[in-house]
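We begin with a single chain expressed as structure tokens, specifically the form predicted on its own.
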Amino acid sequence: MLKTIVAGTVLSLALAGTALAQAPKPGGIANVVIQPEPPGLMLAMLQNGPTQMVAGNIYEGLLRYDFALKPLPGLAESWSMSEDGKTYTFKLVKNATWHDGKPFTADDVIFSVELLRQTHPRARGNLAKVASVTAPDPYTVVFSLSEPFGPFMGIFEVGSLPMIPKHIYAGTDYKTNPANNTPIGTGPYMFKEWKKGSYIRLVKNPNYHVAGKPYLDEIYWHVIPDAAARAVAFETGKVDILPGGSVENFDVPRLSKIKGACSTTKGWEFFSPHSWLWLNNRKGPTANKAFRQAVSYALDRDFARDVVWNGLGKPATGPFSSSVRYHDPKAAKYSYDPAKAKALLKEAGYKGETVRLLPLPYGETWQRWAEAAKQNLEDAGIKVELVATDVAGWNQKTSDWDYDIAFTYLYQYGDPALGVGRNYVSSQIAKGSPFNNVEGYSNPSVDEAFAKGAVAVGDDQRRPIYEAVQKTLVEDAPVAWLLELQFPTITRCKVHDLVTTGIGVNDGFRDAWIER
């Protein structure tokens, strides 16, 4: 028997906007900052943040997700799951078309799955349990799994599993297909123009499958490399929307208080950006558990939040962000305690060796944070050398494990099987990536727990597994968790309903409208 999970009527309830007293008004142009300029817009090939932000309004996934990460209709209008958790059936909308007018059907879904397995590393992992994808009819798709995969219903947003047009890509070299430069999706906006170094222009899809949407006529994504100039562009009215992370966070309080400006920290629930210090578990002082625990006690997270991040974010209590499923606040251990840090350094036998600290080269905020962390560690008795580098150098050093301590932050994608386990299981220890188990931590019980948690069915089975593994990780301290980051989106208050889902601006322009 099939257990129905959701009905399409959920959508109308979930998208109750901030402007209920006013009816959305069609028309208008949105001027938005995009930082940095994306390397491309083909979501099957590129998954960096700016690409997802722009292209998420060109392409679509089968599902969208609300702020609680519950699924909402996208290109699928309804779905169901078998009792054994191994068969998922999706009913597709029947009126969706690609931007060139061709119909979107189940064949496109099947093709997209096969393409993404070749080009999209995260999709490849998410689809590992999928044994087959079939189409009983043009508007029904059935995913059959080899075994249950607990977070399966969380893999269908546009950045994780974008739908790609079969008639454009089948039989071609995906990486060199000319459509990569002029992306064709089913989304609310169509690609129109890209003036490199200046702007990307999207225009309204007049044949969009959701009646009456989108509302805006055009979106201009402005490329402004200088952070101060981006802030000025908002102050002077050149742009109306500053997506999270597009200005230095010390500018956020001032810009948010400008007359007619509004801000929100919503729209990052799916990504759950989590920051920590990589601690090289392989060699040197950081290979010692007591030393790693000392690092965690030495760090003043409240100062980092209040001073460096201007009150944005919250101290991280362990490996799971508080917005990730099965987060256990009881696993917390590391308060700011320099005396405890000094005692642990003595226990570890630390003899004053210099430890290299690699800042994240993402702007002034991160440099300030590295300097504050250096002071915290030195106050506890750890000798620290800051190692300056650019983004390419940071990628190279962390990928090659050429560091002692290094700043980072990663997305957790709402579920431990999607975005947490990759940083702690030993199968993810591999040179060449700055986003896997870079610290080199290995614990067979942790490997087993993440493997079991991924295939367990239902919260009652999954929760105790993940609560136990959090306690183990907090005790072992493979990394030093810092803050759950917040990146406020700042807009003119005349911009309504831009952030209505757990991925925020990345699929938000479908519902956005401008009061005129």
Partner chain sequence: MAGFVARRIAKGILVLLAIVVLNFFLIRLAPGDPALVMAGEAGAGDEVFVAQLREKFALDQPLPSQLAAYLRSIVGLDLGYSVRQQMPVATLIGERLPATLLLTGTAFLVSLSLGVLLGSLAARRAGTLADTAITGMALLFYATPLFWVSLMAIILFSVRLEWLPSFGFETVGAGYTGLARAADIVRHLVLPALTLGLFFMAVYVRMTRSSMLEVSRLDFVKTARAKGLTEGVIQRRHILRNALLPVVTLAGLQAGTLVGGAVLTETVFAWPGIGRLMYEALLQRDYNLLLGVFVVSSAMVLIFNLVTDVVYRAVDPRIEVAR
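None of the values given here were measured: they were computed from a predicted structure. Residue numbers count along the first chain shown, from 1.
Form predicted together with the partner chain: not shown, discussed below.
Interface membership of residue 78, defined by any non-hydrogen atom within 4.5 Å of the partner chain in the model of the complex, is ruled out. Taking the partner from the other structure, the partner chain in the model of the complex has no heavy atom within 4.5 Å of any heavy atom of residue 455. Using a 4.5 angstroms limit between non-hydrogen atoms, residue 468 is distant from the partner chain in the model of the complex. The partner chain is not drawn, but in the model of the complex it has no heavy atom within 4.5 Å of residue 447. With the partner chain left out of view, the stretch that reaches within 4.5 Å of it through heavy atoms in the model of the complex is, among 305-313, 426-434, 371-379, 209-217, 426-434. Put simply, of 99, 301, 204, 222 only one has a heavy atom within 4.5 Å of the partner chain in the model of the complex, and it is 222. Taking 196, 330, 346, 283 one by one, only a single residue has any non-hydrogen atom within 4.5 Å of the partner chain in the model of the complex, and it is 196. Within 4.5 Å of the partner chain in the model of the complex, a heavy atom is found for not a single one of 171, 264 and 266. In the model of the complex, the partner chain lies within 4.5 angstroms of at least one heavy atom of each of the following residues of 118-144: 118, 119, 121, 122, 124, in sequence order.
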